[in-house]
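In the block that follows, a single chain appears as structure tokens, in the form predicted on its own.
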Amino acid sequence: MTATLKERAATLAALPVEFLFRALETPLAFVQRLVGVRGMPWVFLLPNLAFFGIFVVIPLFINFAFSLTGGTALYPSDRVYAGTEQYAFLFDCENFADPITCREDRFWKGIYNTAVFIFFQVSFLVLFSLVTALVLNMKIRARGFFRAVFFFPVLLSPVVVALIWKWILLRDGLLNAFLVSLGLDKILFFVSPEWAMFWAIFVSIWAHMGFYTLILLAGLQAIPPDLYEAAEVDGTSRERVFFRITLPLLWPNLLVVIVLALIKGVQIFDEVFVLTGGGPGTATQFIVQYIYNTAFTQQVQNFGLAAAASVVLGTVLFVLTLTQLAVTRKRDNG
């Protein structure tokens, strides 16, 4: 009796789906006669391609067109053609290593800050992710629970992550309350440039480490256990096993993690913008925030200059993306 009721419930639940498929059958058959069987994949891809074209490709061309114009007008028809003046302005420097010598010092300060952020953030992110993946790959108690704990921050919105840590690090925040309870003085974390950069890097690592740990953990689990068993029989030390077996076989995954972390690091904006606002001064103002401020927040909005800076940033991201694709293809083929 119970089985019959379940079958009836399943039949009733499937009725709307069956009705939808029957309703689509006639128009899809008509479309197939028009475009042929080989053309049907393009029919199904057309909505996504249209969405991608409207919201990605067309804005890219508009942005590039804006980078070749000047003035403060918003509409393209009202803007003045300036050629490569915006790019020349950005790259007008006596010494590229010293932002103060550049005409647009804020742009190069943003690049310098981004480079410092990427160097430390990517280095420690890859290191901590590797160590965490190695630990979580061992046979430890509650391994599934710890895997979920380390991945959980990835599920949070970057804005939520920044707000949580800002609440902890404020002058009267949770961390300073703990320091005062120990008889220590409060630390103004967002007043010192060094502290602000440190916490920007720390929060970013905390928020994204779980994702890269998961990639490395998948790579570790793909290594044949027979190799470790043979090494154990031969009495090979753990250090030698790691450098001769684990690291070489994990290297393709490690390369993917490095390139993805570089791409994410160059694009850093929302977490740091909420956490420090780019301060103190411009100590944590990165290249994406410079573009945002130039286009929208400063008194004289310079859309052309912001567009030119975004084209430069997009070129860097494009090169990194090609590198990531090449690394992935090499890993899949090798």
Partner chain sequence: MAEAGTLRPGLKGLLTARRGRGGKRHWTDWFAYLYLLLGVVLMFGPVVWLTLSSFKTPAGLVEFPPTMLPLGQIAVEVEGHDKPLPLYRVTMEDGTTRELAQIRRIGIISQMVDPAAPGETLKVPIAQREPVREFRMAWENYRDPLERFDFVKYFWNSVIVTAVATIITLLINSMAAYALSIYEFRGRNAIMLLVIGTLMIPITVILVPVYLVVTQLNMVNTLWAVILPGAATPTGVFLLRQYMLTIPRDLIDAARMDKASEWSIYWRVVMPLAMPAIAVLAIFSVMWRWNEFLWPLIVLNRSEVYTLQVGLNAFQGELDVQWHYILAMTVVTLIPVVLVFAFLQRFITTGIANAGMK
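Positions refer to the first chain, counted from 1. Since the model is a prediction, treat every value here as computed from it, not as a measurement. Heads up, when I say rigid core I mean the largest set of C-alphas that superpose within 1.5 Å between the two forms.
One more form of this protein should be noted, the form predicted together with its partner chain, which is absent from this view; the next part is about it.
Peer 1: Quick one: Phe91, Trp195 and Ile258 and its partner chain in the model of the complex, is every residue within 4.5 Å by at least one heavy atom?
Peer 2: None of them does, since no heavy atom lies within 4.5 Å of the partner.
Peer 1: Only one of Leu262, Leu156, Val116, Leu220 gets a heavy atom within 4.5 Å of its partner chain in the model of the complex. Which one?
Peer 2: The option sitting close enough to the partner is Leu156.
Peer 1: Looking in the model of the complex, any heavy atom of Leu325 within 4.5 Å of its partner chain?
Peer 2: Leu325: yes, in contact with its partner chain in the model of the complex.
Peer 1: Does Leu136 reach its partner chain in the model of the complex, with heavy atoms at most 4.5 Å apart?
Peer 2: Yes, Leu136 lies within 4.5 Å of its partner chain in the model of the complex.
Peer 1: Should Arg106 be counted as a contact of its partner chain in the model of the complex, where contact means heavy atoms within 4.5 Å?
Peer 2: Answer no; every heavy atom of Arg106 is more than 4.5 Å from its partner chain in the model of the complex.
Peer 1: Might Glu229 be said to contact its partner chain in the model of the complex, defining contact as any heavy atom within 4.5 Å?
Peer 2: Yes.
Peer 1: In the model of the complex, which of the stretches 93 to 101, 162 to 170, 80 to 88, 106 to 114 has residues with heavy atoms within 4.5 Å of its partner chain?
Peer 2: Only one stretch passes the 4.5 Å heavy-atom test: 162 to 170.
Peer 1: Hey, which residues along 279 to 306 are within 4.5 angstroms of its partner chain in the model of the complex, non-hydrogen atoms only?
Peer 2: Val288, Ile291, Tyr292, Ala295, Phe296, Phe303, Ala306 sit within 4.5 Å of the partner.
Peer 1: Taking the rigid core as the frame, does Ala295 move its C-alpha by 2 Å or more between the shown form and the other one?
Peer 2: No, the C-alpha position differs by under 2 Å between the shown form and the other one.
Peer 1: Once the core is aligned, please say if the CA of Val274 is shifted by at least 2 angstroms between the shown form and the other one.
Peer 2: Shift of 2 Å or more: no.
Peer 1: So, superposing on the core, is the move of Met40 at the CA at least 2 angstroms between the shown form and the other one?
Peer 2: Where the cores coincide, Met40 still shows a C-alpha shift between the shown form and the other one that is 2 Å or more.
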